[in-house]
Ligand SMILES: Nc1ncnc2c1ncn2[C@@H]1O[C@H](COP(=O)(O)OP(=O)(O)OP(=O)(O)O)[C@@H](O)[C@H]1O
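So this first bit is one chain, no partners, the form predicted on its own, shown in structure tokens.
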Amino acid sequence: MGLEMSQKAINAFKKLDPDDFKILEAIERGIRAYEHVPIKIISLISGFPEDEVVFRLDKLNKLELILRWGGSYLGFELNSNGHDCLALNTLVCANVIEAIGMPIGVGKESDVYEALTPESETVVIKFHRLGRTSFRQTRRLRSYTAGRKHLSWLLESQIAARREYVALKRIYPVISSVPEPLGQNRHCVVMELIEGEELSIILEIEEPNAILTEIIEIVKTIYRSCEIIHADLSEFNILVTPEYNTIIIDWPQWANKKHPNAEAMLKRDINNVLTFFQKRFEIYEDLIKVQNFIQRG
């Protein structure tokens, strides 16, 4: 479902001109004040006369980039495809990417595609999709939406992308055990392509003890030098490269080590990793001992 939605946006993107993007941007700005943005407001924000707005809206609606609401007045809002097109346009105009390639995967809260830079380097573009899961469930689990009662799926996804980009920008210069961040706009993050397998699907490793030791060292370095806790760490967001290096991905839920619940978050991260290695590779490490090592050495 998610990959299909992204593919529709990619296909539609090629059919849009600069004035179409101005209408999409006007709707995006308008939803801060309106759940469904009226034509008059779109006209006011975009600077186009209403007849031109109506023509553009019809085109965007046929391309499945907007939603049309016909309640007490005629109004419009962005859907996921329209949101994708706006982000892609900004990233292309900024020379961060030039083209979108094959899908890599889909998760509960993101779609990941290959992309090409203007220098023909293959990178990754991640579309955050927080609206895919229940708003209540999403907000219950994510501390960074606390106190924000009226966030739309669009804004939630943008916040998640900005947070992930900020974390990567802080971590990568210190330790290259996360993807290199290359750009960010709205709900999208562009980053280095990592060749590797998700730890969760690896059944055999020649030296699992070495992999576990490396993960613990990475968590320690990020905690001490960057003052960051992943806060959602598990075997599902740890990649093992062909050279048996480990890369930690998926950082939107990160927390500062000074967060009131920092110790509990760190303990949960460590416990998730130790539990996996115990079950999969019969390696037993003491949780408190490892936590003390990470926090105090």
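Worth saying up front: this structure is predicted, and the values here are computed from it rather than measured. A residue's number is simply how far along the shown sequence it sits, counting from 1.
We do not show the form predicted in complex with the ligand, though everything after this point is about it.
Trainee: Please tell me which of 41, 249, 66, 262 lies within 4.5 Å of the ligand in the predicted complex, judged by heavy atoms.
Mentor: If I apply the 4.5 Å criterion carefully, the residue I get is 249.
Trainee: Which residue among 94, 104, 205, 74 has a heavy atom within 4.5 angstroms of the ligand in the predicted complex?
Mentor: Exactly one listed residue reaches within 4.5 Å, namely 104.
Trainee: Have a look at 104 to 112, 154 to 162, 206 to 214, 84 to 92 and name the one stretch with heavy atoms inside 4.5 Å of the ligand in the predicted complex.
Mentor: Looking at the other structure, the answer is 104 to 112.
Trainee: Would you check, heavy atoms only and a 4.5 Å threshold, whether residue 193 touches the ligand in the predicted complex?
Mentor: Residue 193: yes, in contact with the ligand in the predicted complex.
Trainee: Heavy atom to heavy atom, is residue 232 within 4.5 Å of the ligand in the predicted complex?
Mentor: Yes, residue 232 lies within 4.5 Å of the ligand in the predicted complex.
Trainee: Quick one: is residue 237 in contact with the ligand in the predicted complex, heavy atoms, 4.5 Å cut-off?
Mentor: Looking in the predicted complex, residue contacts with the ligand include residue 237, since a heavy atom lies within 4.5 Å.
Trainee: Taking the shortest heavy atom distance, is residue 124 within 4.5 Å of the ligand in the predicted complex?
Mentor: Yes, residue 124 lies within 4.5 Å of the ligand in the predicted complex.
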